[in-house]
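Shown below, as structure tokens, is a lone chain in the form predicted on its own; questions about how it binds or moves come after it.
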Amino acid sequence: MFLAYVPLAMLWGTMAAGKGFTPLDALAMSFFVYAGASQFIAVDMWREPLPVLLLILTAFIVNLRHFLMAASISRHITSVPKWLQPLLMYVLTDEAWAIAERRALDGPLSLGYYLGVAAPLWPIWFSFSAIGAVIGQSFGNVAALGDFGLAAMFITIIAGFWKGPRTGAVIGASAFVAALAHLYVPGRWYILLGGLAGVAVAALLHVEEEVQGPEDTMERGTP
């Protein structure tokens, strides 16, 4: 995962340099914003005059999924003081969330494990963003690779959670709603709407499982 961040960060730095960012600009944005999907989208929208409000709103919409991920992870680090948890969420990324959540399925998620997964990704991201802004232009137009790289990374994360048909139902609902929203809803709402659709289907399947559980137990003759 650490190695995978290197080409993605360099790719973003390359695209940023193509829009007029200096290496220091690229480093600063990756340092303070630290949100790969939002940064790729922001660079794609970057033009003169700069649509500041549109950029802020788009970044907010894209990153609303972090509310869901942060809520999920916070359940597993209850030993950490509440005032410290928002600071820990700053280094939370999709990849770190996936690894930490999978760890929590098999046992307790310690603060050390979470930081070991999440914290090292941050300096890799902002440092190689700057490197990409310096040397990346020699590779020519690489904008299309950004879309491919993000899609491949997220597909890999999703595949790591596969557990059978129920997982397929959640993924299918997310993909279907996201695709419809991408076609018919202006802006970047398809990211949030796809995620909420997956959450809704997962919740319905969980309720159905709880309802059927006692009946199945009675049929087997178990007290």
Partner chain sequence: MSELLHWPWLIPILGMGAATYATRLSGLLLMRGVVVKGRAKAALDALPPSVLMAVITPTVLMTGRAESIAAVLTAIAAILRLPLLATMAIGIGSVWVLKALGV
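As the structure is a computational prediction, the values presented were derived from the model and not from experiment. So that the term is clear: the rigid core is the largest set of C-alpha atoms that superpose within 1.5 Å between two forms. Numbering follows the first chain given and starts at 1.
One more form of this protein should be noted, the form predicted in complex with the partner chain, which is absent from this view; the next part is about it.
Contact between K82 and the partner chain in the model of the complex is found at the 4.5 Å heavy atom cutoff. Within this chain, R102 is remote from the site of the partner chain in the model of the complex, having no heavy atom within 4.5 Å. Contact annotation: V185 falls outside 4.5 Å of the partner chain in the model of the complex, judged by heavy atom distances. Contact check for L111: no non-hydrogen atom falls within 4.5 Å of the partner chain in the model of the complex. Highlighted residues G20, I171 and S174: every one comes within 4.5 Å of the partner chain in the model of the complex, counting any heavy atom. Residues from 64 to 80 that approach the partner chain in the model of the complex with a non-hydrogen atom closer than or equal to 4.5 Å are L64, R65, H66, F67, L68, A70, A71, S74, R75, I77, in the order they occur in the chain. With the core superposed, Q39 shows a C-alpha displacement below 2 Å between this form and the one not shown.
Once both forms are fitted on their core, a CA shift of 2 Å or more is seen for S174 between this form and the one not shown. With the core superposed, A70 shows a C-alpha displacement below 2 Å between this form and the one not shown. Whereas the shown form places them at one spacing, the Cα atoms of G187 and A71 lie at least 3 Å farther apart in the model of the complex. A change of 3 Å or more separates the two forms for L180 and M45: their C-alpha atoms lie closer together in the model of the complex.
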